[in-house]
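Before any questions on how it binds or moves, here is one chain, the form predicted alone, in structure tokens.
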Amino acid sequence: MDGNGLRGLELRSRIGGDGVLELSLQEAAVPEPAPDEIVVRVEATPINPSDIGVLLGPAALDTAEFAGTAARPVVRAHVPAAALSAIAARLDASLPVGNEGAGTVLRAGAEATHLLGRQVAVFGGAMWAQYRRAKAADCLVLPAGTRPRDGASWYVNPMTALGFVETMRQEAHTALVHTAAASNLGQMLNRICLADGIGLVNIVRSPQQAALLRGQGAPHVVDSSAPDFAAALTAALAETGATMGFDAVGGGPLAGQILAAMEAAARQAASGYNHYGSDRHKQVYLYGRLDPGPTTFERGPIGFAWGLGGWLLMPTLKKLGATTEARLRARVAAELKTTFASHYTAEVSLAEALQPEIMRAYCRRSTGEKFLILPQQGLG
């Protein structure tokens, strides 16, 4: 804090009209809170795949050049010319990064003074920063004994996992399929389904990931790298009756393989032959892009009663309504250290988040690897 008020560093991403991406730490003044606002000293903020999308846009990390100093690094990379038209709205704009995080309330407007000194979790962008001004009503007050590290990943993964279950119920399905199931999000979804008695088929990509989930009580785990993947998936779908899937991979044949296995399981239970296949609707939603390539599938094996679409958290919550969202938030708050606990493989400072090896590590988006940024660390 200086004579002009509170100032802090924040990580910014800018793509120029020339196709050059620049990442840097910028010092900025922190505005005084409005009556219904607070200023949070951000102490922990995770790196989510959605954050990497804003951070890099369509820039290729293998073109990155690293400059600046250890305390004030600068990263520049190149966006393919063919991709510029799709991001025209963000060209030459300096964007803040980071969907969520947690910390301590330093300042509060007249309507929020009861939050001074409290630890809260925040969602809404611009969290890869030392300080964040936010609406008090949009924050989650952390329960006593809950550290900012415990509450940093309070929104994206927990609300997504709960959103899957609410979507399943709203669309009259009774069991789920989930890919990249050994991720932090996948482990949360497994715990929710075990607690709520919901059938869940977990699709993983290695025997090690399968063992991890089975060790957490998951009864249906299928390894997509195994030679019997299609048969094992069909058997698990037949046992659970799952007809809705959520796919974090996006590209490649996996979504189509899930639909085909759902159809095969439905035909096993059919009482007779139907030229058009099963009349039970099968739905797969793509919610991630771990594989940025085209989504491919064969029409023949999936019948006619199917759907393939995109799923995003915020439009889903808007559709569910404020009452449902409040109920889901309350469950997250009550179960932050159990159902919705996140595990991190590394903790880094804001400056370290722009170091070459660290960027390459979190941009791999490997299952089981999750990074936590500590904005107050190493910037003295």
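Counting begins at 1, following the sequence as shown. Remember, it's a predicted structure, so these values are computed and weren't measured experimentally.
Unshown form predicted in complex with a small molecule; subsequent notes refer to it.
Q. Which among 177-185, 115-123, 90-98, 231-239 is in contact with the small molecule in the predicted complex, heavy atoms within 4.5 angstroms?
A. Result of the contact check: 177-185.
Q. With a 4.5 Å heavy atom cut-off, would you call S50 a contact of the small molecule in the predicted complex?
A. Contact check for S50: yes, within 4.5 Å of the small molecule in the predicted complex.
Q.
Even though the partner isn't displayed, in the predicted complex is A108 close enough to the small molecule, meaning a heavy atom within 4.5 Å?
A. No, no contact at 4.5 Å.
Q) Might S13 be said to contact the small molecule in the predicted complex, defining contact as any heavy atom within 4.5 Å? A) Looking in the predicted complex, residue contacts with the small molecule do not include S13, since no heavy atom lies within 4.5 Å.
Q. Taking heavy atoms and a 4.5 Å cut-off, does R289 contact the small molecule in the predicted complex?
A. Taking the distances in the predicted complex, the answer for R289 is yes, it comes within 4.5 Å of the small molecule.
**Q.** Position in contact with the small molecule when the complex is considered in the predicted complex, options V156, V221, A266, A260, heavy atoms within 4.5 Å
**A.** It is V156 that has a heavy atom within 4.5 Å of the partner.
(Q) Only one of S278, Q130, Q283, T160 gets a heavy atom within 4.5 Å of the small molecule in the predicted complex. Which one? (A) After the contact test, the surviving option is T160.
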